[in-house]
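Before any questions on how it binds or moves, here is one chain, the form predicted alone, in structure tokens.
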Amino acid sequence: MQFINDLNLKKQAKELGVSVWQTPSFLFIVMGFVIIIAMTATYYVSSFYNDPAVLVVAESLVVIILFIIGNSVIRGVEQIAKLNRMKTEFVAIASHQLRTPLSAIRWETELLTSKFNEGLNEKQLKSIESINILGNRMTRLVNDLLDVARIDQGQLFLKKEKIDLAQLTQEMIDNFSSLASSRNIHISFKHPEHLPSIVGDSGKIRLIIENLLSNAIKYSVDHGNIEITLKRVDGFLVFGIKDNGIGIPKNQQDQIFKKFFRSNNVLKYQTEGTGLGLYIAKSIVEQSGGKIWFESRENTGTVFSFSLPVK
């Protein structure tokens, strides 16, 4: 399947943002044909001419042609790499610049609703609250884009601190309890007592659990159940979250951890999301020394799990 995808030149060109003839696969195919033609021509030349000088000239021409094509392949790959770096740097700079005004908007709206709300009517208070909600949403998006830019640049640095994963999980469940209750979704959490601690970045681990729990609630049916488990397996703590929601189509499951990917059935429900959360989660877990995986059946539910090494 991967080989077939590599031969889909139009798809590759669209993904890389270049023309078909600039894609690495096309250039490698051309190089392959040139090698075959050059070897065949060299064979026929050597069979008709016994002069070693003719053979040397023919082989030299073959080497020159291969060098030119190889150089084109390298230049094409370099151009794609430069464009990708420029894109990543632009996203990082733009995200940094957006954080300051967004933070100011959030502070001002929170100040208005908490200390200067006297004299404001109900409609005005709702408008301010809407601005605050949208500001928080934009801040989360900017933070996600910053994390993606750092991951792409290899600059996502994680702190090392002692973490009680069971306590952290319970805190996140408490944070989402009102949202789950509004949809009549029940959340259960099972774990043995006296689990060992892990070492990692508590803020980033919190982000992973927040993303998985938020997705489980968003994509669950009303009156659904979400089961969260935490257990020790060898030298790892394994976190699992199971829902009975819409699931992930089987033909799209291999793309679930890619940037900006959202499955077709998710789009039908018009739920919010950028398709960055699972990409970021995978990078954080793997950089922390663990693994992340899932099992899913469409219209049945999904189980996401990740492991982290114990202290």
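Numbering starts at 1 and follows the sequence shown. Source: prediction; values computed, not measured.
From this point on, the text means the form predicted in complex with adenosine-5'-diphosphate (ADP), which you will not see here.
None of 23-31, 275-283, 61-69, 39-47 except one has non-hydrogen atoms within 4.5 angstroms of adenosine-5'-diphosphate (ADP) in the predicted complex; the exception is 275-283. Residue contact with adenosine-5'-diphosphate (ADP) in the predicted complex: residue 218 places a heavy atom within 4.5 Å of it. In the predicted complex, at least one heavy atom of residue 304 sits within 4.5 Å of a heavy atom of adenosine-5'-diphosphate (ADP). In the predicted complex, adenosine-5'-diphosphate (ADP) stays beyond 4.5 Å of every heavy atom belonging to residue 229. In the predicted complex, none of the heavy atoms of residue 35 sits within 4.5 Å of a heavy atom of adenosine-5'-diphosphate (ADP). Taking adenosine-5'-diphosphate (ADP) as positioned in the predicted complex, the residues of 216-249 that bring a heavy atom within 4.5 Å of it are, in sequence order, 216, 218, 219, 243, 246, 247, 248.
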